[in-house]
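The chain that follows stands alone, in the form predicted on its own, written as structure tokens.
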Amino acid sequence: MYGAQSKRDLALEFQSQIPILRPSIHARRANLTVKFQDLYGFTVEGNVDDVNVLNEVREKVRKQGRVWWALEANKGANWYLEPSISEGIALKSSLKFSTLANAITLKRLIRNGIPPLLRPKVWFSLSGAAKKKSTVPESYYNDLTKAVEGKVTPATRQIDHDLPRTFPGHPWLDTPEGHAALRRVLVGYSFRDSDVGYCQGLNYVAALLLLVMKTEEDAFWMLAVLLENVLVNDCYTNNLSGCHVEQRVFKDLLAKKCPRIATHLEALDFDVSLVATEWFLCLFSKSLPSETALRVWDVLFYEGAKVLFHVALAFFKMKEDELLLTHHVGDVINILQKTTHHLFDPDDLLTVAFDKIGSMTTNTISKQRKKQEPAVMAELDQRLRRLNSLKLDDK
């Protein structure tokens, strides 16, 4: 939700036009750093080469949009909701060829990017958010926000603390109206799921959802389906056990998919969680340009949490040669941060993530998680025992 209705209309009109960025002649000649706004209102800094990349990307978005609109016209507005083929399920002889063709077409189309104007409805349908919303009374979200209004909990206090720190300077998010909308979504969800409550990182995820979805309520349901169905359990609970499991799985995958890098980083005593924790908790919303992050989310909402591993591994793969020359942990972090912040072409990232990293099934990753869970829970239990012991010593 991009501010009031009039602001949303302007934003959608802006997105549909997908303007060409035109740096000044002086900036082009000197290759100076220029500032500009992306499609979702974020201020981006880059040189003229970056601007050229963004213009090329926007031209591809326009072409991709024409493909989607043609399918809408030929197959119907909700053609992508026809039955698809689930991963790991054998193809039945009764399955129509048209269904198979739609499934293959849809996967390819989504990896190529959902047009900004269609993104809200496609996400809402394919992610399961629409189905989840349909299981409760129509007034659920409004009733929830009214019921929790004025209530104070540790979660609401942390949310209030984090609101002004969530994408500061954004023309809508960093306003009283933006803060109020983000607060309602986060506070509402903290009461819906008391096990999660609120975890730092969700503020960035929910903020980006507000910018994409047509309404505040739709953003709430997208957050719900993300936490309850798309991502692994316990990623955002108090002890972050799910997140710790994901970090261990990622470390194993890095050793398998990028063995030279993994060996080099181990020699440097580099812990991948130094960078990957934020990636997984914020779903790349803080590290990637918004237009690239949303291309990742396009695939995430359709193919599931395995996409996070594909993308995180791609960062290392793209900079393998540079990373192998590093001698300090700080150099590794700097290379990865610079890389992610300037990944203005989503196709560069996603090509590496899926073509060069290779296949990873959801089933394989689930087995890896189950393998790592006992060690993580034992480590967290030991940490809790030490903490309780220290508290007793202080008394």
Partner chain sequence: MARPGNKIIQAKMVLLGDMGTGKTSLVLRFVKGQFLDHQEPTIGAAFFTQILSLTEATVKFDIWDTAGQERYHSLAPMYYRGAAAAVVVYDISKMDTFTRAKKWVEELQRQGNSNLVMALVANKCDLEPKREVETEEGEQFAQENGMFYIETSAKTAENINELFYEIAKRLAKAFPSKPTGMNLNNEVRDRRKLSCCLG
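Residue numbers count along the first chain shown, from 1. Quantities reported herein were computed from a predicted structural model and do not represent experimental measurements.
Although it is not shown, the form predicted in complex with its partner chain is what the next lines describe.
**Student:** L387: heavy atom within 4.5 Å of its partner chain in the predicted bound form?
**Tutor:** Looking in the predicted bound form, residue contacts with its partner chain include L387, since a heavy atom lies within 4.5 Å.
**Student:** Quick one: does L71 come within 4.5 Å of its partner chain in the predicted bound form, counting heavy atoms only?
**Tutor:** Because no heavy atom of L71 falls inside 4.5 Å of its partner chain in the predicted bound form, the answer is no.
**Student:** Is S273 one of the residues lying within 4.5 Å of its partner chain in the predicted bound form, judged by heavy atom distances?
**Tutor:** S273: yes, in contact with its partner chain in the predicted bound form.
**Student:** In the predicted bound form, does R111 have a heavy atom within 4.5 Å of its partner chain?
**Tutor:** Taking the distances in the predicted bound form, the answer for R111 is no, it never comes within 4.5 Å of its partner chain.
**Student:** Mind checking whether each of K121, L313 and F354 has a heavy atom within 4.5 Å of its partner chain in the predicted bound form?
**Tutor:** The answer is no: none of the three residues contacts the partner (heavy atom, 4.5 Å cut-off).
**Student:** Could you check which residue among K63, K367, H327, K338 gets a heavy atom within 4.5 Å of its partner chain in the predicted bound form?
**Tutor:** Contact check passes for H327.
**Student:** Taking 4.5 Å between heavy atoms as the contact cutoff, choose which of Q200, T145, T153, N233 touches its partner chain in the predicted bound form.
**Tutor:** Answer to the contact question: Q200.
**Student:** Okay, which stretch from 289-297, 262-270, 216-224, 129-137 lines its partner chain in the predicted bound form, with non-hydrogen atoms inside 4.5 Å?
**Tutor:** This holds for exactly one stretch, 262-270.
**Student:** Go through 228-246 residue by residue and record those having a heavy atom within 4.5 Å of its partner chain in the predicted bound form; state none if no residue qualifies.
**Tutor:** Sequence-ordered list: Y236, T237, N238, N239, L240, H244.
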